[in-house]
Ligand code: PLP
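One chain is shown next in structure tokens, namely the form predicted on its own.
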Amino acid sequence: MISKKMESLTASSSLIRAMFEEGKKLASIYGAENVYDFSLGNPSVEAPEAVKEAAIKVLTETKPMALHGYPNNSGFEDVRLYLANLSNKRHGTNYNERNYVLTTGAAAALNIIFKTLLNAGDEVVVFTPYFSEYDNYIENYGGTVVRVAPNTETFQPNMEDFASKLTAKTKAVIINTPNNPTGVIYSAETLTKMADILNSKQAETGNPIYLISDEPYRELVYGDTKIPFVPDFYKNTFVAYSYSKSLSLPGERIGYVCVNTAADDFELITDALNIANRILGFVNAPTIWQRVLPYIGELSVDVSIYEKNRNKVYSMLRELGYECVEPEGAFYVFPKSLIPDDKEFCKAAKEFNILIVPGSSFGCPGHFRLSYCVSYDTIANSYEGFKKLKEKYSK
């Protein structure tokens, strides 16, 4: 018999993945061109050619044991120093290899942070809507999830509710910007207010509160919008990063944790992250991709393709009468569902071969997530389906 906890998780396995599988089934019946699957955030833009070239170079020119042998638990020192120097150039930091732990993607980065920080009963604050796997990651280490109610007008964090949710048990706060599922970027004004609230609460309780910035979509930004550098606003900051989205490498599982040098207990934390990376079974980030990073760390996919998709889907939905906040980054839009029951609404969308994810999956009922990392034609061809869906609830 499997554990009771896993029995429960298995029974309520990811709705998003289930929708993806249903999309494949519908495609086999109606033809892929007649199914509009917006369920999964799987990058659709090809990785830059330079990524393949760098991988070939590393495989052919690096001595086998320097490539395939065990590195330090935190990753190759020279690769971590490369990342530090990149941050120093971009953000004016004074980081070195000690600030970085290379991980098997952002999920591993978050897990080793929580393993490092949490005691049973510690609280971690999340802002709804949010990536639901945070619940599992936090609960893996005995933490308690505390949810901040959404501001559905802008999807910037609800600061009044945030302040009310901080207690003496608060150990960490997690943010995701650009955000999944809304595509919103947290502004400098937002981060300033958040830091003021956190600093005030730290002073009141005498306990450090750590801010964890989950940033897998950091390079997917549209127009002239800038991504604020979170450690500039608050000293007790972790950044969790992945190249899955910025370089379309989700299957390679390469990312990192960066710890702000000014963070309380910096030395103790970085030692603990190193150990957590081993004892949780991640052991090391894939060594080939560690060695590739210095060749590709400043690259990104062609963001203009996603921007074109964003412009099309946003204008199409608005034209049809759907209410939504315009995404500034990532590749999601989060409109209001046409009825309060978002699950029923997403079920009805399947009548028109449209697969979308209910906002309830992200802790925000009454909305739905549409992932536009699909072909432009898929978006354009879905127009009639969304029109018929709107008409169904306009009668």
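Every value quoted in this text rests on a predicted model; they were computed, and no experiment measured them. A residue's number is simply how far along the shown sequence it sits, counting from 1.
There is another form of the same protein, the form predicted together with the ligand; it is not shown, and what comes next is about it.
**Student:** Just give me the single entry in 309, 176, 170, 156 that has a non-hydrogen atom within 4.5 angstroms of the ligand in the predicted complex.
**Tutor:** Here the answer is residue option 176.
**Student:** I need to confirm a contact call. Of 76, 322, 217, 233, which residue comes within 4.5 Å of the ligand in the predicted complex, counting heavy atoms only?
**Tutor:** Residue within 4.5 Å of the partner: 217.
**Student:** Does any part of residue 242 reach within 4.5 Å of the ligand in the predicted complex? Heavy atoms only, please.
**Tutor:** So residue 242 counts as contacting the ligand.
**Student:** Even though the partner isn't displayed, in the predicted complex is residue 165 close enough to the ligand, meaning a heavy atom within 4.5 Å?
**Tutor:** Result no; residue 165 lies far from the ligand in the predicted complex.
**Student:** How about residue 131 - does it come within 4.5 Å of the ligand in the predicted complex, if we only consider non-hydrogen atoms?
**Tutor:** Heavy-atom contact with the ligand at 4.5 Å: present for residue 131.
**Student:** In the predicted complex, does residue 293 have a heavy atom within 4.5 Å of the ligand?
**Tutor:** Judged by the heavy-atom cut-off of 4.5 Å, residue 293 is well away from the ligand in the predicted complex.
**Student:** Out of 103 to 111, 257 to 265, 198 to 206, 79 to 87, where are the residues with a heavy atom within 4.5 Å of the ligand in the predicted complex?
**Tutor:** It is the stretch 103 to 111.
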